[in-house]
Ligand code: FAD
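This document starts with one chain, in the form predicted alone, laid out as structure tokens.
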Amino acid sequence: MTLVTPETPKHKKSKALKPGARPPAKELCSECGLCDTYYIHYVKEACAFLNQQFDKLEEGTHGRRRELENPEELYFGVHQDMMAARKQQPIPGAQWTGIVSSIACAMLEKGLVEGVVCVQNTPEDRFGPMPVLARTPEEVLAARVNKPTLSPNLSVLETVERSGLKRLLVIGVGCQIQALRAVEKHLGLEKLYVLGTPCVDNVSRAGLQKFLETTSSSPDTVVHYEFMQDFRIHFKHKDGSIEKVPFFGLNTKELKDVFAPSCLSCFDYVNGLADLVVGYMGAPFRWQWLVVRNQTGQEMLDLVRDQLEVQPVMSRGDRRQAVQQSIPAYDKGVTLPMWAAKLMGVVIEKIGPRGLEYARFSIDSHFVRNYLYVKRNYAQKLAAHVPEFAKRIVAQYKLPD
């Protein structure tokens, strides 16, 4: 029996959620992994779906809140630099060119951190998430390629504390990072680095399988995929081939219910509490979008800066009409015939939004959808749950009842 002394932190008196038990956030649980540890003690404060405190966490992380009158900060959060980049020598097998993996490996090799929280896949399933505390570059590289499923990254926090390490890098998505920032002060770390990725529309493993089988011509050979700026989903297959499926040709009625309720209630697409964000949504084709939010993020980027080809961010087109037209189409589950979907994709590829304007299109369309979802399903939470920046973005559009 473990004796609990007065000096023992309160959370160590708590017990992780039992397997199969209903989580505190109920159906809105994003399975971030916090409740799989004794840090469940703080869940009522830390869970983004029980206690939306984005402004407070943003100020605590970056020293200030985003400036809502600044159009770039309204959309993309607090930041001191933004660019498009790609590695001059890509890492084989990486989702893009391997910027995230390179930063994590460099931080271990240079001794800035003693461990990295990242997600490998299970031995049985290429898409099955398996969070780990990586202690070597080889373990980090084993986690390359996104796992587009709900993943309990924070389930390793007890392992972190037991290991005694004091300098940690965590790679994660918005809901995970919100919970992490809320319990950061209880982790006993000397330094925490957070490398975030943009995230939208995650699914359970079963939901992912339904998406692949509904959308791809060869679901069993898909290695990874992205929703790209040509308004097509790009599926990469084991043989290296790329299959492109138009957004507007998706079987919306079949797929409307595949996304997790937590993702349909999320307004942190751009991972606003990370120190550095690396993703594709605001960059041109074949480039990555980097957002340096604070000096810690700059320190991380500087480690690999000489390995990167860099260019300024760009923005082209006007998203507003496309967003407004997409609202009733999604609401009614409209699916175009494939020939029409392909034709629309060709037109949009020539005149549609690019770079940061595409990022704004994606943010607008998802925030509108999610606002309506919360309003219709959790009306009592609407006012408190939706951050002010999201309310301002949604207010640009005419919404259905």
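None of the values given here were measured: they were computed from a predicted structure. Throughout, we count residues from 1 along the sequence that is shown.
One more form of this protein, predicted together with the ligand, exists but is not displayed; see below.
For the three residues 53, 192 and 274, a heavy atom within 4.5 Å of the ligand turns up in the predicted complex in no case. Interface residue remark: residue 265 is not counted as part of the site for the ligand in the predicted complex, having no heavy atom within 4.5 Å. In the predicted complex, the ligand sits within 4.5 Å of a heavy atom belonging to residue 147. When contacts are judged by a 4.5 Å heavy atom cut-off, residue 291 does not count as touching the ligand in the predicted complex. Taking non-hydrogen atoms only, residue 314 never approaches the ligand to within 4.5 angstroms in the predicted complex. Checking 250 to 258, 305 to 313, 89 to 97, 206 to 214 against the ligand in the predicted complex, the stretch whose residues place heavy atoms within 4.5 Å of it is 89 to 97. This chain is displayed alone, yet in the predicted complex one of 297, 77, 115, 198 has a heavy atom within 4.5 Å of the ligand; that residue is 198. The single contact residue among 182, 222, 119, 168, judged by any heavy atom lying within 4.5 Å of the ligand in the predicted complex, is 119. Residues 269, 278 are the ones in 259 to 278 with at least one heavy atom within 4.5 Å of the ligand in the predicted complex, listed in sequence order.
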